[in-house]
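Here you get one chain, nothing else, as structure tokens; it is the form predicted on its own.
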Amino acid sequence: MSDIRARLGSAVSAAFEAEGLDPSLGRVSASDRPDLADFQCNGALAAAKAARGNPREIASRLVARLQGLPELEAVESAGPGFVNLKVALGLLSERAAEVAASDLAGASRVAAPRRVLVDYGGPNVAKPMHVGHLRAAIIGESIKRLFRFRGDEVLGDAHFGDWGFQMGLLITAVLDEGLDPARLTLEDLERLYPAAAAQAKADPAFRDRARKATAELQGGRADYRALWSRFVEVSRSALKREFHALGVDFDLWKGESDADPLIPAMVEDLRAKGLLEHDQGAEIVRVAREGDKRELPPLLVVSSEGSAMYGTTDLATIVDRRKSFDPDLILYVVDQRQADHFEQVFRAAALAGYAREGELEHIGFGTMNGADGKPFKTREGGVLKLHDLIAMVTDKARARLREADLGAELSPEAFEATAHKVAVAALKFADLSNFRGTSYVFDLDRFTSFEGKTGPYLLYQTVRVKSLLRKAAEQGAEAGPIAVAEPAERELALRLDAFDVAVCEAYDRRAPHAIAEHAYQLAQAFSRFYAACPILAVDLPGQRASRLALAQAVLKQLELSLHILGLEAPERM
């Protein structure tokens, strides 16, 4: 089973080859003018340039060869040498039936599944999650789901920040206050950490005691390890609740501490391979390459004080992942501002033989900004906690549901569950509808609207299809063979066909916005189809059965798209 674009591409490529031209020029794409054609091929322009011919003449010869193909209703040349293709209704009906019958709603699996590890989230011990964690969690979860959907074996790792100097600061602060470790709460840790960090800057004696505590913790001191375990336990349970509320769940909660035992042997291995160099008392790995357009600093592995650095832990984490999972690909979903750091780590890993070129990828993203174009803050200028953001959006979702007169028939519990789903959809779709590399402005009113390109709009349209199919079942109406005839049916069938293209693009570019865009376009196409083509009220049983089958295919594809994006539609709204 292949999408229509691929089928037409094969036919057009064969026409190029029959003309003695490069068949790779027969690539077909969605038409820039859907009012004139469904698909187009622009290869005649490149063929004319290579052969020093006339592109219009070449296009006319190609059209002559394509005339009469059963897959095409019409084919013609246009403009400076475009080939316009209009799909036959029979092929549209056939393809829509394939989509309806497919477990993947017309999408395809990868030919060679891989083991993939997605590193996203990056929460820290003793620190509440804030809006800065939002994009990594949303994009990373969607990429994990996307890769699983295509057939890869995927693990998502939170990469917990649970090691280093911050632990020494906390240990020292807890001991100074004489707190009972068994009674420590996340609120205690949230209060203690910023105060301890500030004290370390102002009080050299406190800073030195915290450094000593860090060294003794990492050296295995039992009472410090027990205290550290309590920090991790308290923080992790709270973070799991926060992530789960967003529909984000990890397979692994490994952290920097898991890589720490591997560091001494790894450092010795780097020395043995001649990769470590002494530099002003520290030890580094030089990662710059001939031909670099800008200077890339070396990776600092051992500081002048003899301690392991941030990059050292990341390098050791690669070693740990290689031993425990042996992934073919590791994707790091982290702010674009960390691009240089990951380039240093990836190059060092390649030099050391810990990963081959192309096995490590940084999936960077922009920031969620306020109206001033700067990273989103509270009105007081502070960092907004993620819990508070979710509560704020949920409050708005409740108000939106009531404004639209939705959810009035739901129980209070069901209404609350629906409001939460609408809030999560608003947050996630606002993020995922943009290409991840761009920044965007947080607009609560627009994101929570049930109109326009929003998550709540997608949920509403999905619930609408569910309602239609429930009514059909109540009336005993059943789906049957699909026969596309009307313009709105044609448009809907073409949109259903485009799912595989969107999935492949999202997968190849690690860019879930392609799925978000497809889901929105599909929902709009269904809305136009619903308005133009009566379904339950139509007199002809065959036509009713065909349109119900189209509606079922739309629901399947919408729900799969929502799942990949990490959204969930309620049954009723």
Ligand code: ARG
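It should be emphasised that the depicted structure is a prediction, and the values quoted were computed from it without experimental measurement. In this text, residue numbers run from 1 along the sequence as written.
The same protein has a further form, the form predicted together with this ligand, not shown here; the description that follows concerns it.
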(message) So in the predicted complex, is this ligand close enough to Pro123 to count as touching (4.5 Å, heavy atoms)?
(response) yes
(request) Considering only heavy atoms, tell me if His133 and this ligand come within 4.5 Å of each other in the predicted complex. (result) yes
(request) State yes or no: in the predicted complex, is some non-hydrogen atom of Tyr457 no more than 4.5 angstroms from a non-hydrogen atom of this ligand? (result) no
(message) At 4.5 Å between heavy atoms, is Val334 in contact with this ligand in the predicted complex?
(response) yes
(message) Under a 4.5 angstroms heavy atom criterion, identify the one residue in Asp431, Asp497, Asp258, Asp119 near this ligand in the predicted complex.
(response) Asp119
(message) Going by heavy atom distances of 4.5 angstroms or less, which of Phe206, Phe325, Phe342, Phe450 would be at the interface with this ligand in the predicted complex?
(response) Phe342
(message) Using a 4.5 Å heavy atom cut-off, which of 210 to 218, 73 to 81, 245 to 253, 310 to 318 contacts this ligand in the predicted complex?
(response) 310 to 318
